[in-house]
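A single chain comes next, written as structure tokens; it is the form predicted on its own.
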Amino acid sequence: MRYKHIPRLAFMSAVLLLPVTSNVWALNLLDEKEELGKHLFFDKNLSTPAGQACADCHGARVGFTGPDQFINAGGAVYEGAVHGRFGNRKPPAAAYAGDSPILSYDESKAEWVGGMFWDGRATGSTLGDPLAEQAQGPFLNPLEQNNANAQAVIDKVMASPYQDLFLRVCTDNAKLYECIGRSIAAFERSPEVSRYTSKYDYWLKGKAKLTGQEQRGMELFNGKAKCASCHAAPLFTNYSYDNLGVPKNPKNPFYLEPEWNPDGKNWIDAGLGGFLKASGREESVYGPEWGKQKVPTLRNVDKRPFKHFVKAYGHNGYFKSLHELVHFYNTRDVPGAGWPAPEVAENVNKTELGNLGLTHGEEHAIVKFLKTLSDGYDPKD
């Protein structure tokens, strides 16, 4: 229960009993802003043409990332509201994103931190909240929900069954679209999305025990494998950017969209560096960031509806299992390992991954630990 909301119980719009597992139930209380955000998140009528909601690319059953295993097994990029139009990257997780700061350069660490989207383009500098700015983006993206402008989205919300709730929450007519973004962000920050109900969380509270392999995996994660240098607990991200040397995903449908990608199969995802260049920064600024993508949270990294459900990993979905991903981190630079060339050769991180010297058993233990980060754990199991 969210004790900070107890004084506002009289104003709560919903008391939702939601399944955490098949036999465990959690009481989530959403205030009106969060409830509005939930309506907006699941509303399929807010695209042009109608049919695509935020949830279609950010599914709850997989930790609010790509919910279609057949798409994940291939290009891992999701089709937008208009048939045949695809984005260029795998959907990032919408959960546990609320603490990402406004995009800025940390002089002490010599790195960019914050913002939203894989390339940081939802900087947060306009609304003071990168998550709210990110929530506004897909509605107007022609490769996603394809609305002509913000007013088109507002008009659809005004015609929705939750119009009255919208008008109660969003009282400033000059900031209705801002309110839409902030409401979705409020829902994404709520305990219905960012739950902190993993085995790891129960272990922190002394209500669960890690197995020997899980404990060993955590030790490796924090030590020899160097994972924690970027994926620091408890959020398992430091919101920075990195080029891991991930190969191209040749099945990415964006390569076959000449209207949106005139470079075709020669297109390179420049990530943060590409955004910084497009925003007018000098080469001395964007060059060192070329090819870097935002470090994702590892919370829910293995959350899936059933054992063999396929999830995709990496900004372009190149990897199809945690075992494959961990093996890549461990052996990318090992002679004879057989990995393809990186999509972007510049700025590849060679100090924290590539030749870690992990054994097969150690790789397996790290995967076992990563599996403890999925929400919905039953401490009675």
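Note that residue numbering begins at 1 and tracks the sequence as displayed. Just so it is clear, the structure is predicted and the values come from calculations on it, not from any experiment.
Below, we turn to the form predicted together with ligand HEC, even though it does not appear here.
Contact with ligand HEC in the predicted bound form, defined as a heavy atom within 4.5 Å, holds for exactly one of Leu103, Leu276, Ala94, Ala186, namely Ala94. Contact annotation: of the candidates Trp118, Tyr202, Trp112, Trp290, the single residue with a non-hydrogen atom within 4.5 angstroms of ligand HEC in the predicted bound form is Trp118.
In plain terms, the part of the chain that comes close to ligand HEC in the predicted bound form, with a heavy atom within 4.5 Å, is 136 to 144 out of 260 to 268, 166 to 174, 194 to 202, 136 to 144. When ligand HEC is considered in the predicted bound form, Gly59 lies well away from it, no heavy atom lying within 4.5 Å.
In the predicted bound form, ligand HEC lies farther than 4.5 Å from every heavy atom of Asn347. Ligand HEC in the predicted bound form comes within 4.5 Å of no heavy atom belonging to Gly74. The closest non-hydrogen atom of Leu370 lies within 4.5 Å of ligand HEC in the predicted bound form. Along 230 to 258, a non-hydrogen atom within 4.5 Å of ligand HEC in the predicted bound form is carried by Cys230, His231, Asp242, Leu244, Val246, in order along the sequence.
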